[in-house]
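Below you'll find only one chain, the form predicted alone, shown as structure tokens.
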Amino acid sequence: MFLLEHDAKQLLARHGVPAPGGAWVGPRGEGLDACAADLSGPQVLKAQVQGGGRGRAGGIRKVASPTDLAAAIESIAGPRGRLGDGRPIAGFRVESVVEGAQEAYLSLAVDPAAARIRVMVSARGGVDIEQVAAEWLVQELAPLDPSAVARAVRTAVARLPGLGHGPHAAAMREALAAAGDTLAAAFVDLEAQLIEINPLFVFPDGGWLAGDAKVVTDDSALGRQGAQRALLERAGARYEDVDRKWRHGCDYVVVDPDGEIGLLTTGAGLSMMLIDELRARGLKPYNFLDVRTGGLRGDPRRLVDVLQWMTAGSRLRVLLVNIFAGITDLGEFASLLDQALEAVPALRVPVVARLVGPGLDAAREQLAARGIEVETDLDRAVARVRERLGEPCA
């Protein structure tokens, strides 16, 4: 789960990571009046989107007083509630301005190739970290152990170039080492894949604050992570894909809001391959899906949920079912699909089915009663999709 900055800071605060005081405001300013009463002095308004580069996209703005916040929110969100680069804004974090601090950088990330945790430290941070990385960034690798990761941070800090001596250098080393101790423990406890603090504010006395926080956690660890489950319970709408996976047991992601072809597929690899194949042929798939048919167990509810989600596709024109079955009996799957289609009459689009596996004859018979012909060849299935779209076959 790629956490929004506000949620990341709240989660890290439970592990002792300090950050400037801040409050959540809805994407259209909901809750602004309540939080503005507690604010004083200059503030930073930060659009909450997944990913970096918010500053360059116009998503971060300093305001002189709480009274300026409403105008700043309207200016950043615009009429569509999106950043300049098109990313939807989930909300805003209103945060106290930090003064009198240097900007540094610290990140911990899983390195699958090395089977280690990669530590990256720099005495310079901020939006230009990519430009200074070659000269100022130091890296270390450590096994997945809080003490080992903390030692790796301290080793990297000792190797930082250009710091020299004096009170500023001492404060920087002290702050980065202390931050490494705290973040190493948080990284392991949260079962994180990435924690990046940029900028990490360092004060003359060696104190530090997380100016920004990028946190990615492991979705498969949700069963062990109570605080992350509580976040989904409280704010699942901010993390629809993860929330769906946790609640419904399948992966569903809208890959193109303007897509014309809904995909009902099982197997992540098969779904990704199909998306690539359709795009290569000039077609527009709407979603990625791994419905995991092995978990249906005679119950069509998961398929009903998926079809209901697809009704949000305003330009959806065809449903393509692509099931390459192993242990799944296609006759049972076809029966469940028939029940799901009956339960979601709002999905008024033609259905093309490509099925391969055991129980194929029973599936053909079941779906024929609904007027759905079953193909076993992908090319023929795609040709049928083109027919339903009213396009000439390639």
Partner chain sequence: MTESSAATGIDESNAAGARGFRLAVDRHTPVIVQGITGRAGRRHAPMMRAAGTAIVGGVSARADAREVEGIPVFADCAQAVQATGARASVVLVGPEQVQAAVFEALAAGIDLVVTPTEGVPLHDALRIRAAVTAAGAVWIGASTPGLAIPGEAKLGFLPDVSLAPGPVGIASKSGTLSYEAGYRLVQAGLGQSAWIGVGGDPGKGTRFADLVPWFSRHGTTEAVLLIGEIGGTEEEEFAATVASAAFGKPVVALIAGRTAPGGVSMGHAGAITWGTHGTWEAKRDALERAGALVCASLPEAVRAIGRALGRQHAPRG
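Under this definition, the rigid core comprises the largest set of C-alpha atoms superposing within 1.5 Å between the forms. Note that the structure is a prediction, hence the values are computed from the model and not measured. Numbering follows the first chain given and starts at 1.
The discussion below concerns the form predicted in complex with its partner chain, not included here.
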Proximity of E174 to its partner chain in the predicted complex, heavy atoms at 4.5 Å: no
For N198, is any heavy atom within 4.5 Å of its partner chain in the predicted complex, or not? no
Would T266 count as a contact of its partner chain in the predicted complex, using a 4.5 angstroms cut-off between non-hydrogen atoms? yes
Quick one: does D181 come within 4.5 Å of its partner chain in the predicted complex, counting heavy atoms only? no
Mind checking whether each of L232, L336 and R370 has a heavy atom within 4.5 Å of its partner chain in the predicted complex? no
Only one of D305, E103, E95, E140 gets a heavy atom within 4.5 Å of its partner chain in the predicted complex. Which one? E140
Selected contact from D128, D276, D258, D299, since only one has a non-hydrogen atom within 4.5 angstroms of its partner chain in the predicted complex: D276
Exactly one listed stretch (309-317, 204-212, 182-190, 83-91) reaches within 4.5 angstroms of its partner chain in the predicted complex by non-hydrogen atoms, and it is 182-190
Quick one: name the residues from 344-364 with any non-hydrogen atom within 4.5 angstroms of its partner chain in the predicted complex. R354, V356
Per-residue C-alpha change between this form and the one not shown, G162, threshold 2 Å, rigid core fit: no
When the rigid core is used for the superposition, does K284 move between this form and the one not shown (threshold: C-alpha shift of 2 Å or more)? yes
